[in-house]
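The form predicted on its own is given below as one chain in structure tokens.
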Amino acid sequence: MIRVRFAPSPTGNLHIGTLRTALFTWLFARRHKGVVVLRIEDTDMQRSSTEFEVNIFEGLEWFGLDNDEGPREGGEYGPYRQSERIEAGIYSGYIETLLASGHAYYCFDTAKELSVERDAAMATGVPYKYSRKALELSEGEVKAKLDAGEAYTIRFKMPDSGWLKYKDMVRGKIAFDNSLISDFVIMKSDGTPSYNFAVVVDDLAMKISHVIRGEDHISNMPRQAAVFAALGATLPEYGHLPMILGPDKAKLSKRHGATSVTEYRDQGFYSPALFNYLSLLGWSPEGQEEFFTKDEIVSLFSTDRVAKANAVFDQRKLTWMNGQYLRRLDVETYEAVILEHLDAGLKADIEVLGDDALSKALLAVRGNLEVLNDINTYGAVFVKTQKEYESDIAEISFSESNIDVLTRFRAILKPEGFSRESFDAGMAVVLEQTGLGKGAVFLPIRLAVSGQKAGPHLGDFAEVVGVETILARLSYVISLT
């Protein structure tokens, strides 16, 4: 049974890089009918917070990633928060096992003593490795120090020789020289486990078979693999994902976009669009198609097609894709999604215009939307007050040619049998009468009837606000000359 885990630390909000790791982990599990485990790695007690944990849950839920086991779902291998696992004494048992087998030892060196060692190594240009002077202590000396209450850590004893070799699901063959790796702390002086120890214990206890994570964790492999070996356990299969960079090829940061996943939600991004876009950051199916449903992505996903090169997160491309998604939705789904982002007051004002005015307005601006929140910007054009309209017109200059176009159009437009089609037909007649280009005809009409340079299709706009308003506005602009 394939079992994967997504293991964020609640020391900050869920961001795009972490979400991409969660996504690829989820896709791999769902592709192979496996189990997804959510584990909260909150051993950093000072920086971890419930607020960040809630943000992680909210981001994953909005994005559409469900878990089979986790803090909220429960499961056979819980608890699923490392802080709760510390309280349950889970790590202590493994520490005792490693101490008894000689794979771990007590270290009483002070921070100052260790700093002197590091400085000495730096002075000679040699990579620092712990001197292991704590191993020179006899059992009696260790016991005496423990009985005296001296502060200590527990270090893992790395193999003195040999190589760690494994085949990464993304990067292929990777090897590390064990002799270059320093003995590292597995239990800190405050009694909490270190990352490289806790993650091994948890993956082992939770029967994790595959681990997909960022390439920054490659350097942790020799330490974690050594602990697995010391515990007599089989190493899971690993896949290390490339980094996500901004368009400037710098490490992704808040200057490249939102600082958290929930900010994308709040800005009005449609989660299936972000799901599609993020899936293609570092992975590509065969062919040139860019738009896929969630089920299609699951069926196509393979670590064989995950790139080794870094991926580039382009906010403009995401925004474009989001707009394309909104235009591809069926009408019922589109209206349901967009109404969640429409201001209640604006909604009420549009509904006053007629029984089906709201539905027509929502569809009229569909082609203008990039994100869902745009509905409040483009929707406002339907309910401008006369004062707001006149203020907009005061900022616009109309030429003699513009006025001629408006005059001709007003003469053609009739209240009887008015419709979107008759509005469009009237503009076509003006085009023929004047011999002008479309821009020279359509733009002045748009400016006159809406007070803005861009917006919904003019015929759709006219149907919502009504022919009386259209005729009155045309007359108003003409009267200004």
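Note that residue numbering begins at 1 and tracks the sequence as displayed. What you see is a predicted model; the values in this text were computed from it and never measured.
Quick note: we don't show the form predicted in complex with the RNA, though the next part is all about it.
- Each of 176, 288 and 457 comes within 4.5 Å of the RNA in the predicted bound form, counting any heavy atom.
- Although the partner is absent from this view, residue 153 contacts the RNA in the predicted bound form, with a non-hydrogen atom inside 4.5 angstroms.
- Interface residue remark: residue 9 is counted as part of the site for the RNA in the predicted bound form, having a heavy atom within 4.5 Å.
- Taking non-hydrogen atoms only, residue 43 approaches the RNA to within 4.5 angstroms in the predicted bound form.
- The RNA in the predicted bound form comes within 4.5 Å of a heavy atom belonging to residue 196.
- Checking 219, 161, 253, 385 against the RNA in the predicted bound form, a heavy atom within 4.5 Å turns up for just one residue: 219.
- This chain appears without its partner; in the predicted bound form, the one residue of 148, 122, 331, 344 with a heavy atom within 4.5 Å of the RNA is 122.
- The stretch that touches the RNA in the predicted bound form, counting heavy atoms within 4.5 Å, is 166 to 174, out of 226 to 234, 349 to 357, 203 to 211, 166 to 174.
- For the stretch 300 to 320, the set of residues having any non-hydrogen atom within 4.5 angstroms of the RNA in the predicted bound form comprises 305, 307, 308, 309, 310, 311, 312, 314, 316, 317, 320, in sequence order.
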